[in-house]
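So this first bit is one chain, no partners, the form predicted alone, shown in structure tokens.
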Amino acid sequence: MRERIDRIAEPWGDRTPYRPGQPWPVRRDAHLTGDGVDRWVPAASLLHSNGDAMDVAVRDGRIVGVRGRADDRVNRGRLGPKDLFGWQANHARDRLTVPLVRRGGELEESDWDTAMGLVVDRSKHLLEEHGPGAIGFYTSGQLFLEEYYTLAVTARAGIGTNHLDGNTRLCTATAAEALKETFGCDGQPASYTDVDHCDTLALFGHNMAETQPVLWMRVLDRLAGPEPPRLLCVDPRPTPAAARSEVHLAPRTGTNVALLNALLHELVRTDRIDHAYVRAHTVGYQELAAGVAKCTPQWAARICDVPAREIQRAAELLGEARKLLSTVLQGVYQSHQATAAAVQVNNLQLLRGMLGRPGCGVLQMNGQPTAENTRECGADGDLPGFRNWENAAHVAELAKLWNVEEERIPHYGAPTPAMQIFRYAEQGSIKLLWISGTNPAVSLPELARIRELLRSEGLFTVVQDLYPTETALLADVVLPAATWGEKTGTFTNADRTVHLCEQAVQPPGQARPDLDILLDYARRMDFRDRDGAPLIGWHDAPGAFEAWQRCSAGRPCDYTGLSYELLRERGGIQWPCDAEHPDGTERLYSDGISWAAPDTCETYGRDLVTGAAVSETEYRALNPGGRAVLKAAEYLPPHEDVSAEHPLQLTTGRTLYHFHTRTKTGRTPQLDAAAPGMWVEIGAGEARSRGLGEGDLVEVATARGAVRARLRVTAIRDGLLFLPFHYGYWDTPGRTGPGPDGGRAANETTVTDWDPVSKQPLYKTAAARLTRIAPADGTPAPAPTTTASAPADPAAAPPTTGGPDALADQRPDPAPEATP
């Protein structure tokens, strides 16, 4: 193994092969600037949902680097490119350091008393004049558990509003809903350690190499060792996972349900079913088998535009697996019939009896690092502790815990999902919208509409963030927040592993931890319980954690066995962790389905096609014994399909070197240089038929808007365009929107539409037209060559490298441990 390599040019580093059932060997990655480190502070990555454990290097009160934690179960010392270099964004020169308030149409520097006074005065006025429904909160997948729980109590029992959701609605809502529909409750069944044991790995719409690069390193090391797993990849793009797969299916976007129904059809037809497991642990088998009876590979091939024989090969691979691990991400979650498709992956696992034992399970992945915490804490569209808003006993539990009347907790209807929150703001019923740690002016669909509503005079917008984002620049009040490395708290990754992130340095200027801002707001609003005591009785992160432990007690996400001290001692631990499971729980459902009984389940479910709610009575009749539910779903065509005017399908997605709207990674030199600008991807055959080539300046237009960028010709399926969704305007002359050169944010083009069950926006099923604006001038598209965006002709663009600034250490033996 080389000791030092360019981790932009070689994002996954060198291999440490291992055989099935063996522990993943350690490789300690590190990147430091300058000489000497005063102290190392434990933390974990906040730039993807893998949650890689690391130590933060501090010198002279500043962060100067990171190293992977070799003893942690999640990453065994490895770090991805965003982990290695992303910390530099903390030092960006345009960090917000003082509160800003809008006066005369301009944002002006202010102070905390003035800014919070404006927010509190407006909140009290709206509560008195219009009631709690006039106030909404839209949060992030970037805060800590302690902050989400404090926000949930503030919104639900303080304000009493039903309008609280996170941008996790954009990334993980379908994962949560799919788990609830199948298992009656949220919570990831599998563990990352199942990669160590599986003999078959199926990735559905999951570009793991770019979205969870460290988890992909784990897969690469299995592939390099004896008895490697067989891979199935379902993705319309030529991802690194597709290149390593035994079967790669590249369907038309929007047809996932048709493809999955055909795979289920083949399993039933060939009787590759674990009937004993299905009888013992599920309901609904006959209905599912009948639902897929006509879904032959030939039928699906006509819809998906993939060969029927390849669908049969995929079904054989799934049917022959002895230890099957499936993963799902945005290729399913942000596409047509999202929840219906994700549930069919759960069905595959259940039919094969592949659950609850090493190498067998499903990972309905998250897109964001702390998305799991929004779901647990009820800072998305649920109640805290995976409680069912339709179950009166669950609401009563919360009312007792918070010492408020049950009526004070809004449960007259389902919590409002994000897309509806913005609709209410547009219509004028929500008059104050508090946005924390997210950037909807770039991340929501149909951006012209979003900019207009954020600018509207009837909406008072509070933005709590680190930088002058496109959204912050449109706000009425801007609150400067501290970030990772500048505050203490816990967060939970996609396989339920809880890490403690400790404060390493002071935040810049007057920036404050999100928890402090929320506690300050609760104090100024004077929220009280029914005995007149402060509603929120904690004053710091440890106090908030203890309050959450009381809320989670006895629920699936039980944290009562965890503590800051234990997390410092042992690193990441998976929930539930309680008296019965003092070491945490590696995988769920090892002893059967646990939380689907009518009295304990988180939801009674929905119809997967229409989204219509299943009543409590219907659920009790369907599932009195609390088993997993096998749910069928009929395939329906996408709402927006190609036409003469818009003949190409358009999809969007994340790429390796950037995260979200580039708010942090765009301020990181190595990451920004690796993918410095917007591009458009097209397949080689499609490019030839249209007379297009690498580097042409093109415009992609839909019924909503357009973007302009240079063309990258790749091996993506013909008939499809791809846009990376990261790029906005904060570093352009326009700052909040398109300038004279046209739009460059992918969401100028995407449609305002969402899945009927999860309410997750659909970013992958637009129809578009492509127009060449100018021929290539010798400048290739600014897309990396190391990823799915690699040119079909390797000579078409110079290889992506990072140079001396991107050199990082990788060593097989661990260095001395961190000192807290």
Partner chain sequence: MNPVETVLRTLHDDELALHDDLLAAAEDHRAEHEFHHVATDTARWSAEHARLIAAAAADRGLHLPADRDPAALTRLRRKAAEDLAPRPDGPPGLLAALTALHLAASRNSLHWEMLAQAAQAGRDGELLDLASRCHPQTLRQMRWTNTLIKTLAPQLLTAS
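Predicted model only: the values in this text are computed from it and were never measured. Residue numbers count along the first chain shown, from 1.
This next part talks about the form predicted together with the partner chain, which is not shown.
A.B. asks: With a cut-off of 4.5 Å between heavy atoms, is Arg662 one of the residues that contacts the partner chain in the predicted complex?
C.D. replies: It does not: once the partner chain is placed as it appears in the predicted complex, Arg662 has no heavy atom within 4.5 Å of it.
A.B. asks: Is there a heavy atom of Ile430 lying 4.5 Å or less from a heavy atom of the partner chain in the predicted complex?
C.D. replies: Ile430 belongs to the contact set for the partner chain.
A.B. asks: With heavy atoms only and a cut-off of 4.5 Å, decide whether Arg27 touches the partner chain in the predicted complex.
C.D. replies: No, Arg27 sits far enough from the partner chain in the predicted complex that none of its heavy atoms falls within 4.5 Å.
A.B. asks: Any of the heavy atoms of Lys759 lying within 4.5 Å of the partner chain in the predicted complex?
C.D. replies: Yes, Lys759 lies within 4.5 Å of the partner chain in the predicted complex.
A.B. asks: Would you point out which of 226-234, 181-189, 130-138, 450-458 contains residues with a non-hydrogen atom within 4.5 Å of the partner chain in the predicted complex?
C.D. replies: That would be stretch 130-138.
A.B. asks: Go through Ala612, Ala243, Ala621, Ala684 and name the one with a heavy atom inside 4.5 Å of the partner chain in the predicted complex.
C.D. replies: Looking at the other structure, the residue within range turns out to be Ala612.
A.B. asks: By the heavy atom within 4.5 Å rule, which residue out of Trp299, Tyr424, Trp538, Tyr589 makes contact with the partner chain in the predicted complex?
C.D. replies: Partner contact (heavy atom, 4.5 Å) among the options: Tyr424.
A.B. asks: Taking the partner chain as it sits in the predicted complex, which residues of 737-774 have a non-hydrogen atom within 4.5 Å of it? Please list them.
C.D. replies: Those in contact are Thr752, Asp753, Trp754, Pro756, Lys759.
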